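Shown below, as structure tokens, is a lone chain in the form predicted on its own; questions about how it binds or moves come after it.
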């Protein structure tokens, strides 16, 4: 189906089912339950899941296939956001032109950075990309203030000269982003007993775009171009000895990866029309590296799992406070309850990075291949049990000689 083999088709269907049914999957606990703290079926959070999934899929095309580790991919995320907001300010509040412009501008920016950075490999390439990203951050933060609005960030105003749309609504407010009239913030709520599910227009637009991006990534992985990228990762020197120049392939991978990042930035601005320099910081670049490694670099579904893992735990652990912990451990004696809360306090709220760091360390130590390797181990375990059961049945049914 769609030019994919059976295995890849099954994987695409699984990702599509998980994405489209996310409002149900991410809200397993009743709204009034104490465990509702672990629900994640909120429109803004689900949007971040799929947007950062796109970001990680694109990064994986560069890092997972070629082995080139970029520490500056947040620059393309920021460029995509700024491009989208400027399209909203000057042309229309329709998200399609903004997303297209974000991808194009990010691709052109990636050509420039990639052409210079790919003259080196290994750690030198990583340092060059980091330097370009920090330079972009500083330019956006101070030098290019007329374009980026500096530390305040670029945002919509009532004075924007919108060519194909109104600058203000009838009640005098700023128009909202839309897809041919369908507002990105429009949400339908469905109550099923004690459960409440939210279906957001913006989320489903991002989800469909992520599925298309995932499909394109599969085609890239299975194409002759993807095989050339794997050859570069395996032994670039040997590839050069065969008479093939690896630079056009690595540059193409870098540009495609940058366009994915620009797409993610454009979608972020489409959901919330604001672009700031903080999206270009080195921490944002490091985050996508963690997502890819945590999920499984070089695998298809790994970056998506890694992005969902990090964003889920970031949301859950950052909003847990001492009052919630006291509610959970209220059944304990007072002294023991206070002791447990004191022990857990550094790992929640503002200290959620510590918890995420521990989880990341455990995954890297025990699952070097990421979450995908964990899933493969579980699958092999179940297959082993089934094969053992079948062999036992065959032994029992066979008469002894």
Partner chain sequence: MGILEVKNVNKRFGGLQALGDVNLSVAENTCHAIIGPNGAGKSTLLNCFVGKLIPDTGSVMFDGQSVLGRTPHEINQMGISRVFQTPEIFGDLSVLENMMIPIFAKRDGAFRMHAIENMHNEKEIVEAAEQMLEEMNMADKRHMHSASMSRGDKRRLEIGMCLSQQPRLLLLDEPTAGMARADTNNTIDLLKQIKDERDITIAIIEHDMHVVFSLADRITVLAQGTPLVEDDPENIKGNPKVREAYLGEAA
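Numbering follows the first chain given and starts at 1. No experiment lies behind these values; they were computed from the predicted model shown.
Another form exists, predicted in complex with the partner chain; not displayed. Remarks below refer to it.
Asker: Indicate whether residue 227 is a 4.5 Å heavy atom neighbour of the partner chain in the predicted complex.
Answerer: Looking in the predicted complex, residue contacts with the partner chain include residue 227, since a heavy atom lies within 4.5 Å.
Asker: Given that the partner chain is not shown alongside this chain, does residue 167 nevertheless sit within 4.5 Å of it in the predicted complex, heavy atom to heavy atom?
Answerer: No - in the predicted complex, heavy atoms of residue 167 and the partner chain never come within 4.5 Å of each other.
Asker: In the predicted complex, does residue 219 come within 4.5 Å of the partner chain, counting heavy atoms only?
Answerer: Yes, residue 219 sits close enough to the partner chain in the predicted complex that at least one of its heavy atoms falls within 4.5 Å.
Asker: Give a yes or no for residue 96: in the predicted complex, does one of its heavy atoms lie within 4.5 Å of a heavy atom belonging to the partner chain?
Answerer: Taking the distances in the predicted complex, the answer for residue 96 is no, it never comes within 4.5 Å of the partner chain.
Asker: Just one of 309, 137, 249, 317 has a heavy atom within 4.5 angstroms of the partner chain in the predicted complex, so which one?
Answerer: Exactly one residue meets the criterion: 249.
Asker: Report the residue, out of 290, 325, 300, 239, that has at least one non-hydrogen atom within 4.5 angstroms of the partner chain in the predicted complex.
Answerer: Of the listed residues, the single hit is 239.
Asker: Looking at 251-259, 68-76, 96-104, 292-300, which stretch has residues with any non-hydrogen atom within 4.5 Å of the partner chain in the predicted complex?
Answerer: Only one stretch passes the 4.5 Å heavy-atom test: 251-259.
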